[in-house]
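Encoded as structure tokens, the following chain is the form predicted on its own, with no partner shown.
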């Protein structure tokens, strides 16, 4: 018992504690997901988030303190995104054959994601600053926060909305595709990445390698297109 206690004392005095908590929470959530056959509701990110949130609430730890220890995970988002180029290269011929339909799907999907979110929220009376934070919800967090801040939104709120969108997208994508009869893994993956960014892409890789490849493409292309569309569409949508 002495050795585990000594390890705990050491971790509790260093920022390494919260990195360890983050990794452990994800490992537990991922193993649970594997035990239930990767069911959409057993999304590892979703369950890791509530477990970490519960620990922070019970210990009274501010988010700032937590992030100081866990920010290495945030840093690794960059290399993980770059690593998506590996399956992309492996399936480059398949990707090249689908370039035209992907272009059309990208334009329609990016515009729909931005316009529908703002239009529906505005019709429900959502405040202006929240509308701005909501607009780039389907883009990966770093890009979405930059777009939101440029137009006067709250980047922190945008990050929460991005995470929520990704989790919901990862949960509903498989049942929705089955319901609508979409069997092509290229289409499934591309739509998941375009609408649910990194979390949707992770879910696509769990289902199928080809779907994950196209999800990575959809996520990357939408991250490039939305900052171009936002300055054009947001002033019209926000009046």
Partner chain sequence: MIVSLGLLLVCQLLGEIVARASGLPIPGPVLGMALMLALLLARDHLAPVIPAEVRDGALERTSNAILANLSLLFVPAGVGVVQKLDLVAAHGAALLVALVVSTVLALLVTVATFRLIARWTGDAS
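Just so you know, these numbers come straight off a predicted model, no measurement behind them. Positions refer to the first chain, counted from 1.
There is another form of the same protein, the form predicted together with its partner chain; it is not shown, and what comes next is about it.
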- Task: Look up in the model of the complex whether residue 132 has a non-hydrogen atom within 4.5 angstroms of its partner chain, and give yes or no.
- Result: no
- Would residue 169 show up as a contact with its partner chain in the model of the complex if we use heavy atoms at 4.5 Å? yes
- Task: May I ask you to check whether residue 224 falls inside a 4.5 Å heavy atom distance of its partner chain in the model of the complex?
- Result: yes
- Wondering, does residue 208 line up within 4.5 Å of its partner chain in the model of the complex on heavy atoms? no
- Query: Out of 72 to 101, which residues reach within 4.5 Å of its partner chain in the model of the complex, heavy atoms considered?
  - Reply: 73, 74, 75, 76, 77, 78, 79, 80, 81, 82, 83, 84, 85, 86, 87, 88, 89, 92, 98, 100, 101
